[in-house]
Structure formats: C-alpha cells, structure tokens
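Here's a solo chain for you in structure tokens, the form predicted on its own.
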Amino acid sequence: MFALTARPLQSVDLSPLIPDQLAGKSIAKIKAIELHCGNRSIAVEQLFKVSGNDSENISFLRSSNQLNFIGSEMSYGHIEIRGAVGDFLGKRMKGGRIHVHGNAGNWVGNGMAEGKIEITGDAGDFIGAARPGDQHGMSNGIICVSGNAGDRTGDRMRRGIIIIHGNAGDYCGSRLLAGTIIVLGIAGKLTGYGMKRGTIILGRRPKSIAVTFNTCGQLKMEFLRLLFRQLTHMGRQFKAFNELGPEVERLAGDFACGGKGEILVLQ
C-alpha cells in the first residue's frame, strides 16, 4: 500500500510501481525505487508511506492528479486508487485490473492491449485513443467510466470496449478503426467523425452528426440483447444495461471513409 504523504508540486511518473516490477522486492527496496518527478528523481519513500507485502494487489491512498502513468504496462494483478489520478492511466496495459475511486486525467488506456480499467468519477480527453504517431489506439480490453468523458474518446481505437455512463465530449469515436463505444448520456458534436468501422452505441441522439452518415431507419439489433446481458454479469455498475433493449435507429457511416461503421441510437 502506498499512502501519499504530501501532494507533489510537479508531475510524478509512477510506472515503476506495478505488480510486474514489485514482485519479490522487500519493503526497503521498494522505498528506494527512483521516480521521475519533473526534471529530477526522488525515492518512493519521499512521497509515500509504504506498507504491506502483497505485490499483486496494490493500493494508492490520498492520490493526486499529479501522479501519472499509474499501471503503465502492467500485465497482471490489481491496482486500486483512492482519489484523483493524472494522465496516462493504464498506458500500454497488458492485463490485470485498475479501479479508480475518483477522477482520471487524459489518455486513459492509451495503447492498452488487455485488462480492465474502472473509473468511478470523470475522465479527461482521449480515452483509449492513439497519440500522434501511433498507428492505433487501444487494441483490446475494457474501460468503464461511471461519470463523464472528455473529447475524442476512442480516437483511432482498434478493438475493445469503452463504456461511458455519463456524457461524452466532441468527436467521440473519431477515426474509429474497430471496437465498441457505449455512451449512455449525451455525446457531443460530430460523433463518429471519420470512423472506418466499429460500433458506437448512444443512449440519446447526439447533438450533431456529420452529413456523411445515412440513416437506415428503426431496427431491432438482436446482438445488442446478448451484449447487454453479458455486461450485466460483469458487476453492479453495469445493472443499467438490464433495462436496455435491442431497438435502435441505425446510422451508417462515415461514408467519407468507406461507410462501414455504425452509430446505434437506443430507442
């Protein structure tokens, strides 16, 4: 367990504090691990009170939005965070589970390949999205946000599922390559802009849709019944899917990019 003793004034890279790197280390060695903080390095014990001996189940208490890269490249285990977190939560995550009891910054799940991230509060921009220079965003796994999300959720996402229980910002699912994004609240402007394939499921009709999307009318998509049933088995936070049915308005697009994607507006 890592209990923050003082809020850092500069951003701190916590990527070394994952089960993969802590396994087999003594408390003394963990306390001595060097962390990048701004343009300098500091030892773990200068920021945290360290306790416990279970490297597969890590807790961060009194967390701060200055703490970045938590869970980066982890492949197994469980990280629980009490408080806010900074950017790049679960970057290039390969497995395991991260649970945040608070808000998260930008680039949640950037490059994520497997695993599950749960955020009980809000999250910033570019959830599961590709950074400039990346071929694609997240390639598998599940990201669930109980609150609202920022802009460009799932930008260039390759595979996986992103669930937003609240509202999403502008350009949700922009340049989507594949995968599924679910927004139960209201999505912002130009949802699905430039999407090539994949599915965006919306609880309400978005504020604006690009003219390069065509409506296919009211349909009953039976695969949604199976998807929602599977999600309800994943935990209490997915109980809302019990009330959703397969009736949707289907919008096909983006025809400027081939038109093989779809936006499904729940009825």
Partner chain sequence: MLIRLIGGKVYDPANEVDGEVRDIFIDNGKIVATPPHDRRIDKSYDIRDRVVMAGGIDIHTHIGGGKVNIARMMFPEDHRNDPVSRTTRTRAGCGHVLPSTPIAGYRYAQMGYTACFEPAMLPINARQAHMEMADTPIVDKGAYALLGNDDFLLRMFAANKDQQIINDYVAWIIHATQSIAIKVVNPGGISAFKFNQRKLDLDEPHRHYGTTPRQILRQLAQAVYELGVPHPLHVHGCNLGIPGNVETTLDTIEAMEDLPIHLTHIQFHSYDNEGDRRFSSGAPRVAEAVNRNSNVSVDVGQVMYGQTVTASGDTMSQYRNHLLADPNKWMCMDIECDAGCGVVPFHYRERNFVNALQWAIGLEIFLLIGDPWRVFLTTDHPNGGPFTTYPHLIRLLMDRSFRSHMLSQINKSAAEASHLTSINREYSLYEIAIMTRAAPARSLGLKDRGHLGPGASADITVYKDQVNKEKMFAKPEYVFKDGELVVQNGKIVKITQGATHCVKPDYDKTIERSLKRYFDRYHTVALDNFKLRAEEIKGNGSGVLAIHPCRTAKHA
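Since this is a predicted model, take the numbers as computed values, not measurements. Numbering follows the first chain given and starts at 1.
Below, we refer to the form predicted together with its partner chain, which is not included among the displayed structures.
Stretch 125-133 is the contacting one of 141-149, 174-182, 187-195, 125-133, since its residues have non-hydrogen atoms within 4.5 Å of its partner chain in the predicted complex. At a distance threshold of 4.5 angstroms between non-hydrogen atoms, K220 is out of contact with its partner chain in the predicted complex. Under a 4.5 angstroms non-hydrogen atom cutoff, its partner chain in the predicted complex lacks K207 among its neighbouring residues.
Not displayed here, its partner chain is approached by S41 to within 4.5 Å at the level of heavy atoms in the predicted complex. Although the partner is absent here, K91 lies within 4.5 Å of its partner chain in the predicted complex, judged by heavy atoms.
A single residue from the set R62, K31, R225, H36 has any heavy atom within 4.5 angstroms of its partner chain in the predicted complex; that residue is H36.
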